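In structure tokens, one chain follows: the form predicted on its own.
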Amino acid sequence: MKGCSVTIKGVNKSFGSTPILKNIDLEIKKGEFFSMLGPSGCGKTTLLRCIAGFEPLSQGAIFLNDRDVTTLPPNERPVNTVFQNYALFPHLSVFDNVAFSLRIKKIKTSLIEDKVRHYLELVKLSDHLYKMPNQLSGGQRQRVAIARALINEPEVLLLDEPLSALDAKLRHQLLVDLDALHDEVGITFIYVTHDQQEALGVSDRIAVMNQGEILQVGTAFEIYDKPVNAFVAEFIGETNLFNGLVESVSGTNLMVNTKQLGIIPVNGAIPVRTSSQVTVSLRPEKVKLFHQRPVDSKGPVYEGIVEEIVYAGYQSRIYVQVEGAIIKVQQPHIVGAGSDHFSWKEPVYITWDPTSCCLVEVIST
């Protein structure tokens, strides 16, 4: 396995009297594609800059392969950074941008030629060696920046929202290419993004951050299906959140009296007692929508009215007014089936499997 592990111990960072990072502890494995995900201002870019050595720590330590690099300057750390704004030299060609650091190190010209061509081939720019940056698309310029970072053969590649300036289709394609590139070079990638789909699509593991803290670390499945609190549940994709009191507990099976829907069955992986105030989550894709009342449902059934339909190509997001709540439903479009069509203001019925509604937060006991 190439690359190196990254260990962050008790890291705090403040700008003046404002705390930006609060007691960060994190273990990133060698060769891992690891994402740091969170809203703007949550501290993820600051943490990346601390790893790179661009920001000194207020407290704590950073280790690369068990080597303490906390006080080392950026040029003495085996890491390279790809920035959001590309940071290419506008007066240099693609070839010369990528070759720049090797020439500074006075590497042999023949070796520079071979390495530059190799890394530009990896990022699919072999046909653009002598173009200038202003002759390239945004996606191509970002590929040049990635090749320039990789040519130094770092053990860790830091990527600070590298796709945020690109349009949606190009962003998706470059993300796929980035994942394939990680498989090819095999080093540790640390990827900062505020885009949930980007993180879920490529990461071995994800750290969800908010207000300078790491709330949860896990695989895409763990983060999405087993969020540790209401913030993570709502930030990672869409969800329906309900507050209520626990009426009964039988192992992991709960009955929760919600303000919006009355008593509903809940899957409770978090230890909880009767009468606790809790928040539960129900993902929109787990809600089933019917024209007629279902007769064989094992879960609760509610009658409602379609309040809004948002068409999204392969699926629609349907908002249903049910008793005291608007329930979000994701309905896939089934080719050749007319039964999946719903209309505005149509009376409908919704239900879900009893295990689909999950306990995500205990507010008070």
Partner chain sequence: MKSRSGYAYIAPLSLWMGLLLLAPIGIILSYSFLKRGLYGGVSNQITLEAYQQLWSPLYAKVFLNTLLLSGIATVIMILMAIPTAYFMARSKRKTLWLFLIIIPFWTNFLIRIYAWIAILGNNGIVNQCLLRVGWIDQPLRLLYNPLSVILVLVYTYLPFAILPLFSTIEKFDFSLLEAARDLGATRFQAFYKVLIPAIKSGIFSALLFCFIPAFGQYAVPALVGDSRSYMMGNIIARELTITRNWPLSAAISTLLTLATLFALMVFVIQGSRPARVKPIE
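Predicted model, so just to flag it, every value in this text is computed and none were measured. Numbering follows the first chain given and starts at 1.
Form predicted in complex with the partner chain: not shown, discussed below.
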{"property": "Any non-hydrogen atom of R103 within 4.5 angstroms of the partner chain in the predicted bound form", "result": "yes"}
{"property": "is_contact(G201, the partner chain) in the predicted bound form, heavy atom dist at most 4.5 Å", "result": "no"}
{"property": "4.5 Å heavy atom contact, P90 and the partner chain in the predicted bound form", "result": "yes"}
{"property": "Contact flag, Q292 vs the partner chain in the predicted bound form, heavy atom cut 4.5 Å", "result": "no"}
{"property": "Check all three, P73, M132 and N152, heavy atom within 4.5 Å of the partner chain in the predicted bound form", "result": "yes"}
{"property": "Option from 93 to 101, 180 to 188, 232 to 240, 212 to 220 whose residues, in the predicted bound form, bring a heavy atom within 4.5 Å of the partner chain", "result": "93 to 101"}
{"property": "Contact residue in the predicted bound form, from S126, S275, N257, T109 (heavy atom within 4.5 Å of the partner chain)", "result": "T109"}
{"property": "Residue (of Q173, N253, N85, S164) lying close to the partner chain in the predicted bound form, criterion heavy atoms within 4.5 Å", "result": "N85"}
{"property": "Heavy atom contacts to the partner chain in the predicted bound form at 4.5 Å, residues of 33 to 72 in sequence order", "result": "R49, A52, F54"}
